[in-house]
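In structure tokens, the next block holds one chain alone, the form predicted alone.
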């Protein structure tokens, strides 16, 4: 069984994230969405909230499970027996960072390959920061995130 890890902060999860996940499901037998906690990013949603969101969003995806990632992705992938780390590549601007991360992960765990997947053209501009900015300025979120995510973002912005 070929297992892949799809790590990220997913803060919030976007339609682009789900598009990459859908593409990865076609390539691997099993996927773990690994929610990273990055204190440098000042998360909008807690790791537990992101876990609950992604579990709800992937409920119908039989191959997918969602966990909170502790530690290095390369070590996590090794513990889980993964053959690949999935990374979304939206544009050339993502390349340098993703290339460095892939090389570091290869150095830490040479048995795991990094697989770059491009999202649908509809999502190449999309990232979580953009979604948060649109939300904070009162913009329409449904083109960018699933309705459940939009609802929770609006609720959180209203102090709920």
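Worth saying up front: this structure is predicted, and the values here are computed from it rather than measured. Positions refer to the first chain, counted from 1.
This protein has a second form, the form predicted in complex with coenzyme A, left out of what is shown; the following refers to that one.
Using a 4.5 angstroms limit between non-hydrogen atoms, residue 101 touches coenzyme A in the predicted bound form. Looking at residue 73, you'd find a heavy atom of it within 4.5 angstroms of coenzyme A in the predicted bound form. At least one heavy atom of residue 20 is located within 4.5 Å of coenzyme A in the predicted bound form. In the predicted bound form, coenzyme A sits beyond 4.5 Å of every heavy atom of residue 109.
Residue in contact with coenzyme A in the predicted bound form (any heavy atom within 4.5 Å), chosen from 32, 69, 47, 53: 69. Residues of 127 to 150 lying near coenzyme A in the predicted bound form, listed in sequence order, are 127, 128, 129, the criterion being any heavy atom within 4.5 Å.
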